[in-house]
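Shown here is one chain on its own, the form predicted alone, set out as structure tokens.
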Amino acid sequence: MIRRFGLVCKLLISALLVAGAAAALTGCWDQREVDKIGIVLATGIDQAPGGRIRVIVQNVNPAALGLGTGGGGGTASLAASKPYRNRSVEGNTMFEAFRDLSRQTPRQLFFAHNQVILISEKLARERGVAEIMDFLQRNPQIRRTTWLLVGKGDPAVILDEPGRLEDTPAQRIFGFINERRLTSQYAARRMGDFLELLESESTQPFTALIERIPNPASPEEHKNRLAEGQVAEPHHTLRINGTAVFRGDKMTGWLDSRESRGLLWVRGEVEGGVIDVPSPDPKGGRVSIEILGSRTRLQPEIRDGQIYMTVEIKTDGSLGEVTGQLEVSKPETINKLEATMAGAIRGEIASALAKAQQEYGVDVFGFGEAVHRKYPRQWKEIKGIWADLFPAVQVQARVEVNIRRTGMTTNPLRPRQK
């Protein structure tokens, strides 16, 4: 009797598990088939005449990518198709423009996979981004992890620049951002981080700036030397070329690549990159040192009504290339290289400070937040005039460099004389 009861219980539990699994396999109530939706990978936003907003969306062409039939034409037509489609609409508001997109596409646009939001420099400077960000943060499909960039020029042109390795311009831009640690020369922000900076009482917003530039890999003299069926390199290419800085919701200027890394040093966000410094060898040469990471600490101090900020940076490096005949096996040589690299880092920080303090007057470094944490009582009195106090903050950078590796060799190559 007991054995039979146990067997019945096991059979009942198994039946319940099978029924539950079958119910789960029937799908979610809001399930959408990939061939019934338009997957958006990038969104561009620009000004339009009459105070209107122009929206450009880039969605996947499933027929060209082999994700759907697309209807007729055969294999040849599919191969010739673009792997993406760009659509542009205008509206009095972002919401109106987004809804008007339904008149151009037979599929409901799906924004949950949107990777990049690109705002034109003209709109960011003249109109500001407050109303745009209001719509984006209300839309349940727009994720706060989406990358937000400022584009020099027409976003429609940037989002239609052809590439060779990626199927869509959106994927190219997303790939650039994923490799940012290799240079640390621009400060890209996700939408959620940018929103927090917009609402901050102390730190001004910033994000990376992308532009379309002439392609140096497309030499004019080679245009007629291609074999049949080959495709020439495009005449232009995309490049993330610095950092756009804001005062409130309006862009006020931008930092170049050197100044951008100075900003990232102060914020403790340098993950990698290369610093090129003069060789300490009297005979000359250059040394390239790879950055292996960094740690930053901000130490504010208020004395006699003056605000001082000490930026303490510790970073590790590895020798990547040595030109000339520098004896890197000697400890004193490594010490000289560490001191030279520390001076180069201080120079990058000084360039960023000069632009932010003297020209733009915007605190993108987080100095105000550091003062707030250490002096909460005084911050209540000065937060309303922080924009006026920030340009006068006295900043001292203390940099400690430790070159840990010299690569697979020590002293440079010495070719044997014949």
Partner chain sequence: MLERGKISCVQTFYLLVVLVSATAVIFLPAITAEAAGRDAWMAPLLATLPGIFLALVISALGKRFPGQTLIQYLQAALGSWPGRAAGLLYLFYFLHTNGIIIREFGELMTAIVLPRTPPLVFHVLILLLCAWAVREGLEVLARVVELTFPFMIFLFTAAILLTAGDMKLGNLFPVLENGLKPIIKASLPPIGWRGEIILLAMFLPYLARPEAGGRCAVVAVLFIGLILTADAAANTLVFGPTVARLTFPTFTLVRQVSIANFLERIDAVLVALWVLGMFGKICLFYYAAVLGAAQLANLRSYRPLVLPVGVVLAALSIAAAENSREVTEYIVKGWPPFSLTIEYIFPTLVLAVAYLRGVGGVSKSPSAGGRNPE
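Residue numbers count along the first chain shown, from 1. Predicted, not measured: the structure shown is a model, and the values here were computed from it.
Heads up, the form predicted in complex with the partner chain isn't pictured, but that's what we're talking about next.
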Using heavy atoms and a 4.5 Å limit, would one call residue 140 a contact residue for the partner chain in the predicted complex?
-> yes
Report yes if any heavy atom of residue 355 sits within 4.5 Å of a heavy atom of the partner chain in the predicted complex; otherwise report no.
-> no
In the predicted complex, residue 82 touching the partner chain (heavy atom, 4.5 Å) = no
Although the partner chain is absent from this view, report whether residue 213 comes within 4.5 Å of it in the predicted complex, heavy atoms only.
-> no
Just give me the single entry in 318, 299, 145, 93 that has a non-hydrogen atom within 4.5 angstroms of the partner chain in the predicted complex.
-> 145
Can you pick the one in 329, 325, 178, 102 that has a heavy atom within 4.5 Å of the partner chain in the predicted complex?
-> 178
Spot the stretch among 189 to 197, 203 to 211, 234 to 242, 281 to 289 with residues whose non-hydrogen atoms come within 4.5 Å of the partner chain in the predicted complex.
-> 189 to 197
Those residues of 369 to 385 with a non-hydrogen atom no more than 4.5 Å from the partner chain in the predicted complex are 372, 373, 376, 379, 380
